[in-house]
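Same chain, two forms, each on its own as structure tokens: structure 1, then structure 2.
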Structure 1
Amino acid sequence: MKNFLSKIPEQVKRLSVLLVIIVIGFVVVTSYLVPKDFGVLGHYRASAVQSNANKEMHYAGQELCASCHEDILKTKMQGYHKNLSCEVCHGPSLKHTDEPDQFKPNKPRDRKFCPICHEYNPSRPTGFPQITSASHNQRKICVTCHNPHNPTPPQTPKECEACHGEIARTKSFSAHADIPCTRCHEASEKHKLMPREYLPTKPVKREFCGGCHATDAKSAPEIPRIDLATHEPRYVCWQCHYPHLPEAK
């Protein structure tokens, strides 16, 4: 053993002492600097979970509003706005629930407010009720005719365009511009009141289009004809022709 130690060069011995001191120094210093709760749950300070949880809330959530405004919630649950949170319109109102008289929520009566959701935009999914605010009953604010808590329009929309604006606009530039929606879709009045519960029909057979386009169809002479038997018989027509824009070119 002694023999072995004496074989190690002196400078290596001294250096290793230095090394040991540095390592110990490092361990001691880090053990004092690293916070106590670091590493308890993982490579982080466990108390940071609490400080994230301690941040101040601003939105109360619809359930809280209901405890004082039950009537309004009841109205809302019956109408089209049933899925809307009170605070999407009235803004964050947690403070109001603590001190109702001190803090009053916004009342968004401005005409600019409702179009945030309802302005026509072709990227919106079909079926979503949209208007062009520049032409929809200008000069009056929306709440004069629509109760914000149950916005069912004073009369049923006449046009399919109200909720299918994108399709209606596409069709209006197409060869089918003059064919009314209801020539191809049987839509009951109920569809305009409860759209998802009463869906309209859609054509199911090639012969439906053939009614106007087949060679032997009794329809206006300017309508282009195809031979049902030979014109792509393995497919239904709308696999190739978008019925609201049927042009092939």
Structure 2
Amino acid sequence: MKNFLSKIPEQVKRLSVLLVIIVIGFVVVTSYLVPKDFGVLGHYRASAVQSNANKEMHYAGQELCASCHEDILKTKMQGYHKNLSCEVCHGPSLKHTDEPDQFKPNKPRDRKFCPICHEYNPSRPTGFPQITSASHNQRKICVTCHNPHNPTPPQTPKECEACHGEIARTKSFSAHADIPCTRCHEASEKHKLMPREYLPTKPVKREFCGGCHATDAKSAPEIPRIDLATHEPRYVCWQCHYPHLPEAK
């Protein structure tokens, strides 16, 4: 036996000890730490279903809200908040459905509430309505101008930066700062109201940027120039240069 063990490589011995420890640990965990009803109904404790059912309910759900507030739901379903549950803004309202006169749902009136979702944040999706609350209609609560159930702006934004704040801030430091957005993008008026349904265009040919940057372009002499025929001819310019901050590297 000693001769046999001496022939086993040291690495195999160490791995064998580790394997034994893992097996023992698995047996201990499954025998003493895992609940007996785990896996009976799925990858969870079967008794968890009843445990959750026994918890006190606080939320009514939008369907129950709609049973009394049909007019508000109709307005809400036509607006940008149609997929937002009523109780996201009004808080748990089950007691209100049982005793509506005694328990009133919360009505947010603090300017800090709506900016939880709409304060400018570069990580938010492009086109998501954002504001800088420090300068946006100061001292007015949001519902003064916006119907929270259909918060379409009372006036359609005239400038692109109303929704594209991050791009506007980046572009302001760029050589393209003075170029209007519509020089490169065509956007219908419907884009301002339904931005995801009506997307603006963007240049698809190299000749567009070449209108200013080609060697024979009739533009200001200080503008950087390239030979369209030899400068990375397989690519459209914005595949290498971010157009809102296109400084070459």
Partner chain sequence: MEKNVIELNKKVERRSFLKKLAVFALAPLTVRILAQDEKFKKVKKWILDNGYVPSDHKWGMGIDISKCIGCGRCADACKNENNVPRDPFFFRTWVERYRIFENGDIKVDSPNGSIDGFENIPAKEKILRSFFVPKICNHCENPPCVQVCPVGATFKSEDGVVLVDSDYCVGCRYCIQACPYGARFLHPVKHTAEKCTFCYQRIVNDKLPACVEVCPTQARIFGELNKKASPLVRFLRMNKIGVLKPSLNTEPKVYYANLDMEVK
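Computed from a prediction, not measured in an experiment: that's the story for all the values here. Please note that residue numbering is based on structure 1, beginning with 1 at the start of its sequence. Under this definition, the rigid core comprises the largest set of C-alpha atoms superposing within 1.5 Å between the forms.
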Is structure 1 or structure 2 the form predicted together with the partner chain?
-> 1
Is residue 46 among the residues whose Cα moves by 2 Å or more between structure 1 and structure 2 after superposition of the rigid core?
-> yes
Shift of residue 36 between structure 1 and structure 2 at or above 2 Å (CA, core fit) | yes
Does residue 27 count as moved between structure 1 and structure 2, where moved means a C-alpha shift of 2 angstroms or more after fitting the rigid core?
-> yes
